[in-house]
Ligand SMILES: Nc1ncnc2c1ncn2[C@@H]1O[C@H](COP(=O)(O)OP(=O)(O)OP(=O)(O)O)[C@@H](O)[C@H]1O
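Starting off, we have a lone chain in the form predicted on its own, written out as structure tokens.
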Amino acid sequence: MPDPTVILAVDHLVKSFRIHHQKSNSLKQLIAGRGRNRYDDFLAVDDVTFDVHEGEVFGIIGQNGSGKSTLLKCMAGILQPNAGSVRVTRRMGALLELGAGFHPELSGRENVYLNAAILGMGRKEIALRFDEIVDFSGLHAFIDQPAKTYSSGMYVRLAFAVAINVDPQLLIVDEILAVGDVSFQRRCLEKFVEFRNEGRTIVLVTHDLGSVKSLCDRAIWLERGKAIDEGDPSDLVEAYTERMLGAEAPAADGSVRRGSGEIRITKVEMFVNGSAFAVKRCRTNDDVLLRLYYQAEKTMPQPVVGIEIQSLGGATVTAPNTRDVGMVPPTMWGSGAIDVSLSNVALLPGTYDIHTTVTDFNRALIYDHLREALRFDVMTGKPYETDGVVTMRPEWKLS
């Protein structure tokens, strides 16, 4: 008897495509070359099996060409598998590629009705939700303009607004949210959290490994069409990163570096309470400035710089990056420094490591990932707490 909590079941799915070595440009060439037009069968998805349970956020990771998008199209019914099956037991909304289902000559308004109808909504239901769709997209001024005049970001906003308003119990998303701006990405993230809190299910394909770790309950790793691992997202992302980039031998200071190397963080220094001298210790409640020195071998567009502060015991305290706050430069080249100001540091006494990361805007390509870029100690300050990792600065009142 099927598990009632499983709302998406992929069972031994196989999808292949025929790749011709020589293309016939005319009927004469086709007839004359009969029997000599060679082709290969390319296995895009090779015997993949997994279940997604109700209320889960399920991630799919892998390199370009690993079969992720093909798998999602089979799940959405756009492609028919050569073998195996997909069983879906709830209403599904899908965001599979930019502008899919949009007609460039139709207006945004007309495309809303067209897209929603494709996703299974009736005309009356669409009319009831139309204002909500436009409000979320933020395209009030452009809704009656032809879709061909829209930017890629406008396409994404309108397509996402439609998909989430068909009231899906299962939402399938393929990478396209990386096109949106920072404020739109934040709204999408809030919507994902809202959906999860409502018990809806999300299947997410993305190169943004940070999102996989923070959003997903489980994940699967595809490589050359095969599922080579499945399980906890953090463990999977760590293994995937190790495989894709490889780890260099530890340096004398204990740091370990990975990445393609176009941009590198060469040094990290810490300054406390406005001092001009770099130190490796501070106190709880101090004002701390972290200075990240970088070297870019060539001009790189829209790099994202991030830090992670981790306790010596392994717990991540915080992991901000420049994309989260809309501080992504158009380009980066040459050498320079990036300052990160941390006011009234809430860390409690202990030893901490700072790791740094530089990626492309979509956080798909890792230019540099430096573990243990700086190890520092926190001494007792105000408040005088000692247990835990951070202080919540409690105010006590006795009556």
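Remember, predicted model here, so these are calculated numbers, not experimental data. Throughout, we count residues from 1 along the sequence that is shown. C-alpha atoms forming the largest set that superposes within 1.5 Å between two forms make up the rigid core.
Omitted here: the form predicted in complex with the ligand. The next part is about that form.
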(request) Taking 4.5 Å between heavy atoms as the contact cutoff, choose which of Leu347, Ala373, Ala44, Val52 touches the ligand in the predicted bound form. (result) Ala44
(request) Within 4.5 Å of the ligand in the predicted bound form, counting heavy atoms only, one of 59-67, 350-358, 365-373, 337-345 shows up; tell me which. (result) 59-67
(request) Look up in the predicted bound form whether His207 has a non-hydrogen atom within 4.5 angstroms of the ligand, and give yes or no. (result) yes
(message) in the predicted bound form, does Met379 come within 4.5 Å of the ligand, counting heavy atoms only?
(response) no
(request) Give a yes or no for Tyr384: in the predicted bound form, does one of its heavy atoms lie within 4.5 Å of a heavy atom belonging to the ligand? (result) no
(message) After superposing the rigid core, is the C-alpha displacement of Glu54 2 Å or more between this form and the one not shown?
(response) no
